[in-house]
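Next up: the same protein chain in two forms, each one alone, written as structure tokens (structure 1, then structure 2).
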Structure 1
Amino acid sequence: MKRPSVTSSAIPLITAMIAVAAVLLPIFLADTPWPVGARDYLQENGFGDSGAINLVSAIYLGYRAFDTLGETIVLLVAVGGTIGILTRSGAILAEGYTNPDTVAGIDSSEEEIPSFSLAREKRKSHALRTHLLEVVTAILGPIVLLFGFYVMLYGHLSPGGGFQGGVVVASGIVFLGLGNRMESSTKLTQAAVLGRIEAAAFLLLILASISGILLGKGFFGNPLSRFTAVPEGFIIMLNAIIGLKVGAGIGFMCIAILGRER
């Protein structure tokens, strides 16, 4: 590992680090008393206002749901940008894996093959993978998906919620995409299906956000609070929609980066 001019670049680096540390140290070590007013209000009224025991869910789907809408738009734009950049640049990463530089140790060595490696004809399209990886991810994939939906749907009662459950669902999708040992592909790893799920979830989110207007509430008002005292159904629905959207979006990006788009 050659590192030219180590000494000449070390002094500016150390100076910059000390300067940044001096600026940030008061921020990191501040001990002004934390205001408790908002905490006390949420502790008193959070459950009654939104129906969610989990106060974090009560904030980001109840009091600050508008902010969550903006957040999902950012996610949508990021997914669109990533997919746009990756597809615009011609054949996706799978080609990068099969160029001789990256897989030199895998498909050019005829005599010495690791015992876990795949059959020879699959080694082109599944470079850098082994039987071990494919078996384990194929078995774990559905379990991870199930856990993701649990985290998503119980977000109002326990730690979790739409974003967290969605990320777990996305890793389940990645597992399914990696573990196609028997070539038994599922629809969930196809980029077109994931894109459609994400778009449909965004449409549902918009519809849910204006559903309160028909009943005399504001934008993102909770329509159920006219009928029941504990309007938790709206939070569950928003959690499920956001979970589907985040799971499909991040899974879409990961599948595209894995290079399984055909």
Structure 2
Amino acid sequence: MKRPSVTSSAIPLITAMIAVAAVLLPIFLADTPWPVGARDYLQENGFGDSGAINLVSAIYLGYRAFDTLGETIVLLVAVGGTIGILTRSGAILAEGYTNPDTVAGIDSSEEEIPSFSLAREKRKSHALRTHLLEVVTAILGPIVLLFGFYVMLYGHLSPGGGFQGGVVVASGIVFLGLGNRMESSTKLTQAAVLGRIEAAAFLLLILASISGILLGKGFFGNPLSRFTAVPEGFIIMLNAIIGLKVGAGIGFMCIAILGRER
């Protein structure tokens, strides 16, 4: 078999570098000053308007909250689309996430179904399990979940927020799915539970967005301003809702593709 020459393999890299240079060089060589109006406004008024020390949270949950709503819709469509594509491709998803008997007309009883779990007979015969993946993930799962909620709820004070914390929460859910101890499994990895959490979180986000209109504060206005003088309360609530939405959605998708036992 003839190996590709170094010159031919370097052509895509050289082409990519030329394309990047063509885009970036005019920006750095231009004499037009960088726009600083929005930056200066946020630096001077961001904390006072939103109560969030982390100005990133002030932007995506305050000034650009409408964009955040669009991003959650994109995530919802992406998760649904991924599950749909996997189902039509004949992939064997975890039990409860789809009906394997109707996937691409294949009878699941005749398929070798993958699993990330130890065999039941090994579970019963070994009190001290040696499967490194399951042992480590079973221990780290609750810790990762706790850290995810911390990142989610304290995103207004430090780097983090709903999206970042939600991804960490999803990682904790996946760890729980991989490291279920003995024959027991947590309800947090079940399709029905994750689906309900995601749907409820998305409904709460919609209600939070229109509640400001009902109270005369405008779309995504702070409805809590009538009840508390703490402006960051609304951002904390939105971070929690978005974190649950992201965590349940990504966790749902990841658990679905882990496979199941016979």
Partner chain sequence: MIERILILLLFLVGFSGILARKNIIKKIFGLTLINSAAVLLFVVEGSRVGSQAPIMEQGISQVVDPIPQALMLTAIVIGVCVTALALALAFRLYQAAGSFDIDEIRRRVHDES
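Values in this document were obtained by computation on a predicted structure and should not be read as measured data. Throughout, rigid core stands for the largest set of C-alpha atoms superposing within 1.5 Å between the two forms. Residues are numbered by position in structure 1's sequence, first residue being 1.
Trainee: Pick out the form predicted in complex with its partner chain: structure 1 or structure 2.
Mentor: The form predicted in complex with its partner chain is shown as structure 1.
Trainee: By how many angstrom is the CA atom of residue 21 displaced between the two structures after fitting on the core?
Mentor: Rounded to one decimal, the shift is 6.0 Å.
Trainee: Rigid core superposed: how many angstrom does the CA of residue 35 shift between the two structures?
Mentor: The alpha-carbon displacement, core-superposed, is 2.4 Å.
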